[in-house]
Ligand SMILES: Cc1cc2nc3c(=O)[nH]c(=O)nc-3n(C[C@H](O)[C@H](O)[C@H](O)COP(=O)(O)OP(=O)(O)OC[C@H]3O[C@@H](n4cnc5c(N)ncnc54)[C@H](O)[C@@H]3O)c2cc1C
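Coming up is one lone chain in structure tokens, specifically the form predicted alone.
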């Protein structure tokens, strides 16, 4: 089996954990980006992933792309249900069982195997409450766009969809006051020439395999992979993380490792959940708080006649308009699950239905939080021992109304009529942030601006759980850039320490 070749032996890692410079928990874009960067600088890295190795590519790049009966079965192998509920429902949960209303995935590559590919940047005003500016962050965006091959972001990476109809539609939308652009997607559009072969959709697992850094543990320096391995608990001793408690899910065998450094990269909710399960909230009541997700409105508009070509336009957010709209089509079906994220690849020649997804910036309130439901160790992936408690603010509800009211205007500009619209519940956008927020002051943040925990010298977070707020844009590119920034800061700190030692 391919997995037996690519994965490392947990027994070998347990016996020689002192040889590992960084344990990275999670194999999504945050984990793989930081791991590969650190390995490229000479560190030994082990990625620990709770789920199995299922595929070496994004499903949109695989032969299963257009198989509506097969892709859901791939999802079913690795998905688990989660609960996002209101404060009222949380308080009444003993009388009313919690509803599992959202889906998450646990596998090598995480959501990067299934994500929709849209990869725009946040705009400068989105960084207003962050401990660094857009200008300071922009070089990491440049690098991340190169790493994940964002279309349209460089002369050698043209836009993915560029039909005459799309250009004309963008012009109509702009004339109606909308900031219409080609959707920047993380699909390699570089010409196949001079030894370059297009890579298709970005996924962290494919990127890890292509990096040349994936190695069997102990054979040489690089990144090693432990799959089907849950980090049950992180144990702290004073100002350092002293133990990692692991569960190998196939054998049910448990291990304790002594790490030099640990990087959380499980995603906005799971990194926060692990911190809570590990009791890291004892030092700060901010752990687990200020959680948010995009406000998410989904709808359908109908054209008067078929356009015969694919369409993927982004109405990008502005400082005055705090939401983004993805316009995709055309299709003959009249509705799709938002989990069918690559449906836009499969337009229909005679289709007249256009999908739109609106993502609005949700407010960040302290009491929106990850809440543990029971004590003790988590089963595989943390399926049932937590929920997310979240309520929309008055501002959120007004923005949802604004998004829904704006869609008929979008339809009018395109010569289409909105025929169906739905507000999706919190958590369904799968763009969650917060729980381990960063900042310049330990009194109002959990990590420093680079993602290192204030309280622990050897614990870092590379994913969106450190974010103080979100932009309207899909978060994938920004997560990738943040994890790259963290790795570069770690490497720079090492070089600075070596320079100081050399002077002494």
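Numbering follows the first chain given and starts at 1. It should be emphasised that the depicted structure is a prediction, and the values quoted were computed from it without experimental measurement.
In what follows, reference is made to the form predicted together with this ligand, a form of this protein that is not presented.
**Student:** So this ligand isn't shown here. In the model of the complex, which residue out of 347, 121, 431, 369 has a non-hydrogen atom within 4.5 Å of it?
**Tutor:** By the 4.5 Å criterion, the partner-contacting residue is 431.
**Student:** Quick one: from 259, 222, 116, 299, grab the residue that has a heavy atom within 4.5 Å of this ligand in the model of the complex.
**Tutor:** Selected option: 116.
**Student:** Counting only non-hydrogen atoms, which stretch in 468 to 476, 434 to 442, 37 to 45, 453 to 461 is within 4.5 Å of this ligand in the model of the complex?
**Tutor:** Looking at the other structure, the answer is 468 to 476.
**Student:** Check residue 25 for me: does it contact this ligand in the model of the complex (non-hydrogen atoms, 4.5 angstroms)?
**Tutor:** Yes - in the model of the complex, heavy atoms of residue 25 and this ligand come within 4.5 Å of each other.
**Student:** Contact with this ligand in the model of the complex for residue 105, defined as at least one heavy atom pair within 4.5 Å: yes or no?
**Tutor:** Heavy-atom contact with this ligand at 4.5 Å: present for residue 105.
**Student:** Report yes if any heavy atom of residue 295 sits within 4.5 Å of a heavy atom of this ligand in the model of the complex; otherwise report no.
**Tutor:** No, residue 295 stays farther than 4.5 Å from this ligand in the model of the complex.
**Student:** Is there a non-hydrogen atom of residue 446 within 4.5 angstroms of a non-hydrogen atom of this ligand in the model of the complex?
**Tutor:** Outside the cut-off, so no.
**Student:** Are all three residues 111, 270 and 338 in contact with this ligand in the model of the complex, where contact means a non-hydrogen atom within 4.5 Å?
**Tutor:** Heavy-atom distance to this ligand in the model of the complex: all three under 4.5 Å.
**Student:** Residue by residue through 223 to 243, which ones have a non-hydrogen atom no more than 4.5 angstroms from this ligand in the model of the complex?
**Tutor:** Sequence-ordered list: 229, 230, 231.
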